[in-house]
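Shown below, as structure tokens, is a lone chain in the form predicted alone; questions about how it binds or moves come after it.
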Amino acid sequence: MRQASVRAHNLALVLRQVAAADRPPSRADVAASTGLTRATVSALVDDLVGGGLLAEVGPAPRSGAGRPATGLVLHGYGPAGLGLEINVDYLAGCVVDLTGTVRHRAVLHGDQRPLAPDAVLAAVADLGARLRAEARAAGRTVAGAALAVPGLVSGTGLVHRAPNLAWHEVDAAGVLATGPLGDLPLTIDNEANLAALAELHAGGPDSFVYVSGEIGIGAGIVLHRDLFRGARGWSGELGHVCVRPDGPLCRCGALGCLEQYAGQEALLRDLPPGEAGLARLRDDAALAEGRLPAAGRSLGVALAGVVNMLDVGTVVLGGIFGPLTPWLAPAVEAELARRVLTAAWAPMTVRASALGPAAAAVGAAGAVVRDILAEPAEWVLR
């Protein structure tokens, strides 16, 4: 057991060195950076190449004399991650390879609220099966799947509550285990959490609040490069922070929640629903300037409480908020400057997501990939 544990650790160490390198390292480079012997590294690399995790490329650049060595890179046709997302008005999915590149993607627009949870889960499973088949046809093997949902999720895949879908105590993991993806390892998480992780690994700052703007509003909180989940894993329900105690009734049962002032349906009131209304809002400057600053002020009020409690320096606007950032950000920044106690010494940064609307699905797939990179021995031994 001890020998197997050491080997597993060393496989992960070698793979991590290759993944972090800014150019394809040679086996000798990996040996030098890890402190392992060249013979050990060579044997580990052979295992990782044989398992489809690493590939050898044309000689790595060399400054000294001697014959150039073969370089090592993550294998673009090795195991891949499948990311799926259920949101109120769409289903989405993507396949991401070990390098973090999105290789296959699909989005199905449609209101999920009239459908029973089992029907929605069956539809997203079918979408995932289609993407998995596309990946297989291209020579990639999907190693696992992760599902992003807009609600409170337990570690066992039970969706305790998703207010905007009217889901209560839905055993999403159990339903998916009986469908076309039932043979894959599966994790289920909150969509804002997965989007925040995607943003982090796309080069985001070490600490930030990711705001997922859709019909609902969620937040993923990253502190010192770790996702903050709270005591029971349910942190980040920003959309249900009260901004006006005497405001309208929310789907969660409370009054004056942020979603009633800055959620998609509030922004598109009297406009066509979905993408048509969002396009009109983005394209009509007068309409955007008349409607979005008020939403930004409400968003800023809610976020000021988060920043005062957690002392983060960056707010990332994702989902539908991303392309609307030019109109939302000034109002958000003004409220943060007014309400955050430390704003005079540490001004806040408010910016759009680097990943756009695909962040949650990409984050879900990326979570699968990171698990493979962290524990490659499980894949090598298959």
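These numbers come from a predicted model, not from an experiment. One rule holds for the numbers: they count along the sequence shown, beginning at 1.
What follows is about the form predicted together with a further copy of the same chain, which we do not show.
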With the partner left out here, check for me: in the predicted complex, does some heavy atom of Pro326 sit within 4.5 Å of a further copy of the same chain?
no
Just checking whether Arg280 would be counted as a contact of a further copy of the same chain in the predicted complex - the rule being heavy atoms within 4.5 angstroms.
no
Contact flag, His240 vs a further copy of the same chain in the predicted complex, heavy atom cut 4.5 Å:
yes
Mark Gly50 yes when one of its heavy atoms lies within 4.5 Å of a heavy atom of a further copy of the same chain in the predicted complex, and no otherwise.
no
Could you tell me which of 71-79, 135-143, 93-101, 306-314 sits within 4.5 Å of a further copy of the same chain in the predicted complex, going by non-hydrogen atoms?
306-314
Answer key: of Gly182, Gly155, Pro245, Gly203, within 4.5 Å of a further copy of the same chain in the predicted complex (heavy atoms) is Pro245
Would you confirm whether the three residues Arg38, Ala43 and Arg351 all fall within 4.5 Å of a further copy of the same chain in the predicted complex, going by non-hydrogen atoms?
no
Contact set, 321-341 vs a further copy of the same chain in the predicted complex - heavy atom within 4.5 angstroms
Arg338, Arg339, Leu341
Closer or farther in the predicted complex, the Cα atoms of Arg251 and Val120, when the shift from this form is 3 Å or more
farther
Can you tell whether Ser207 sits closer to or farther from Leu15 in the predicted complex than it does here, judged by CA atoms, where the change is 3 Å or more?
closer
